[in-house]
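For reference, the chain that follows is the form predicted alone, supplied as structure tokens.
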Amino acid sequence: MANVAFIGLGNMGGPMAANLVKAGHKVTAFDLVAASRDQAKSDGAAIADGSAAAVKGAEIVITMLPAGRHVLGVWNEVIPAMGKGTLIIDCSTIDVESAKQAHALAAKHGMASIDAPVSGGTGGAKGATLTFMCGGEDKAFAVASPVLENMGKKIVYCGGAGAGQAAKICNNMILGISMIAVGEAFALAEKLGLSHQALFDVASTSSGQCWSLTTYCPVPGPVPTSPANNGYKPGFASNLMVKDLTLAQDAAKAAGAVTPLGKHAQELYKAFDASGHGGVDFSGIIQHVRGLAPK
């Protein structure tokens, strides 16, 4: 078992740190929010006075933060305080360029690093069933994998620095587009007098089958565990989908790629967010889709 420092104890980071404690690791944690620190303490983590203090004596440092600027800010603070041979892992979802800058910062100080964004939402974070998409040197990945396995069920090595973020951005663009497509299909079915269950029974076993339908169905009934059956309480909030689709569009522009469906998905989720639904689960986009129909 390792000495692990965990910085960023929000809706995802908090449960992830708790799973490391459950696995037997010694976890020292920090977050700017007092309530998050208190929860981590009750979950068995030691609480440090700050980020730099948290990494003292750590063999593995994990960050889970909102955006690239936060990651770079924290890494600039903690890397000089880290001991020789420490591995630093960023599990945030950030832009590829910031991820590469973070890797370069670690390398400058002789530290190994991995970018390892996750998929699976808050349910996956709590249940330790996340998918980790990892970028960095293969030797660093080999060290990171055993720790990541305590928080997820699938650990994928995607390539060099920033490759994990690239994979996450592409994956979530697929997710955002496909959820809109499923929502449109159910909205059309409603207009045509077709029941939710009938459409689900056909599409879930036919060529329309996809994760957005079979696991996260955006209407109540067919998939009891989907947020649609719990008032669209978020596993993955719409404002986070806006963030990820924006990252995808920024990456597409920088790379010279054309992603028209990704761009339209971004526009629809931005409008849903702007109408006051940023805290609603992203599957709630069906509500926005229904509202686009002529009255």
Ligand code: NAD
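What you see is a predicted model, and the numbers here were worked out from it, not measured in a lab. Just count from 1 along the sequence shown to find any residue number.
Separately, the form predicted together with the ligand exists; it is not shown, and the next lines address it.
- The stretch in contact with the ligand in the predicted bound form, judged by heavy atoms within 4.5 Å, is 29 to 37, chosen from 29 to 37, 248 to 256, 223 to 231, 261 to 269.
- The ligand in the predicted bound form is not approached by V96, whose heavy atoms all lie more than 4.5 angstroms from it.
- At the 4.5 Å threshold, heavy atoms of H103 stay clear of the ligand in the predicted bound form, well away from it.
- The ligand in the predicted bound form comes within 4.5 Å of no heavy atom belonging to G284.
- Remark: T122 counts among the residues lining the ligand in the predicted bound form, judged by a heavy atom distance of 4.5 Å or less.
- A single residue from the set A203, I177, A163, V118 has any heavy atom within 4.5 angstroms of the ligand in the predicted bound form; that residue is V118.
- Using a 4.5 Å cut-off to the ligand in the predicted bound form, each of G13, M64 and H70 places a heavy atom inside that distance.
- For the stretch 229 to 251, the set of residues having any non-hydrogen atom within 4.5 angstroms of the ligand in the predicted bound form comprises G235, F236, L240, K243, in sequence order.
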